[in-house]
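First, one chain by itself in structure tokens, the form predicted on its own.
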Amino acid sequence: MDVLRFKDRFYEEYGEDDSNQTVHCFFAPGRVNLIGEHIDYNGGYVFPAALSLGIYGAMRFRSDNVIQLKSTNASLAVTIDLKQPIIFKTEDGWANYPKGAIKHLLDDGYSLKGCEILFSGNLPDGAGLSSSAALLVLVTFMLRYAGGERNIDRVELAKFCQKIENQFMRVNCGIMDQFSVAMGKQDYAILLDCDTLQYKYTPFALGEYSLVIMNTNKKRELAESKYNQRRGECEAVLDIINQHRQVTNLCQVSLLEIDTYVKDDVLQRRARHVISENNRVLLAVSLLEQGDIGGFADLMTQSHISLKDDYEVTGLELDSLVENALKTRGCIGARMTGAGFGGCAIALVATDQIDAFKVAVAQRYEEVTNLRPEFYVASIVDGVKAIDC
């Protein structure tokens, strides 16, 4: 995005300011989980990275107690009086995320001033690239940073924003999304232990290949209900195992224990995905550290097959995208990413083959689904940050 143009747009929305108040600009990335799907709530390892696609924010302080919220991506504008109770309102739509951040900052004792804020994002909405986490982390970071705080603990920032999503937005999410947005590092992915929050950065150097994000453009209407169902199934497996030995999460269980104690076929398959996927994450990191891009790509494809057959969270659109990607010259691995039932898939594609890849995959996908996919060639970037504008 042209940051200077974004600043001009800010002045178009809010006008010039005679008081010479500085306009502060920020960026929060989206995130992609490279491998390790449906593992965060099962206490295992995930492997996300921050994307060059994301949300920009510009803000300027006011002399009163009013915060104004606008976005170039939506017509809805919302005004908040810091002296009045802040509550969730369905009609406030996207603005409930910054409202939640503001409320929780106030509840935690932060002194906030009135300001004007403009957002502008290039993350596809509802595509599973964590636009909600990006917005939450962005608002929380920009209010604290512009207020004078420079050494923000980013792990605590992620936990704070997860709390907002859980308590204000009433979304029972794990911490992976907020952690990725807050902790991203350019050209590195994050191996994150969701149980302990221990993490390490792993170089994500693809050589002659590029990471291509493929948006199904299918609304993820099943994702939430099926997500809750899968969580319940994993908890049912855990209850069975705990009749024999005490464990706190499913990733502590072996495949042998599943075969021995879990007799229900569906529960067996759900557990098999979780345990095998957790193992794939650790192997993926090892392969990348050795520079084995081909081996990593194979694990991506294995992950998708497991999500399709054992966890059953893919669906026609994601399966069509992945299958057609794998048939196309230059692609060495592909998988769905995110909750499933729509949203995005990712592929590793030879950089010099990307244009032809897009054309071929789009044509075959549209024939099967009557939907037109979108493609994004993304780089891996730093987490939320202040930028010059």
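Residue positions are given as counts along the sequence shown, with the first one as 1. Being a predicted model, the structure only gives us computed values, none of them experimental.
Although it is not shown, the form predicted in complex with ligand GLA is what the next lines describe.
Partner proximity in the model of the complex, defined as non-hydrogen atoms within 4.5 angstroms of ligand GLA, places exactly one of 321-329, 40-48, 65-73, 342-350 at the interface: 40-48. Although the partner is absent here, residue 124 is not a contact residue: none of its heavy atoms lies within 4.5 angstroms of ligand GLA in the model of the complex. Using a 4.5 angstroms threshold between heavy atoms, residue 333 stays clear of ligand GLA in the model of the complex. The closest heavy atom approach of residue 95 to ligand GLA in the model of the complex falls outside 4.5 Å. Looking at residue 174, you'd find a heavy atom of it within 4.5 angstroms of ligand GLA in the model of the complex. Comment: ligand GLA is not present in this chain, but in the model of the complex one of 199, 227, 145, 188 has a heavy atom within 4.5 Å of it, namely 227.
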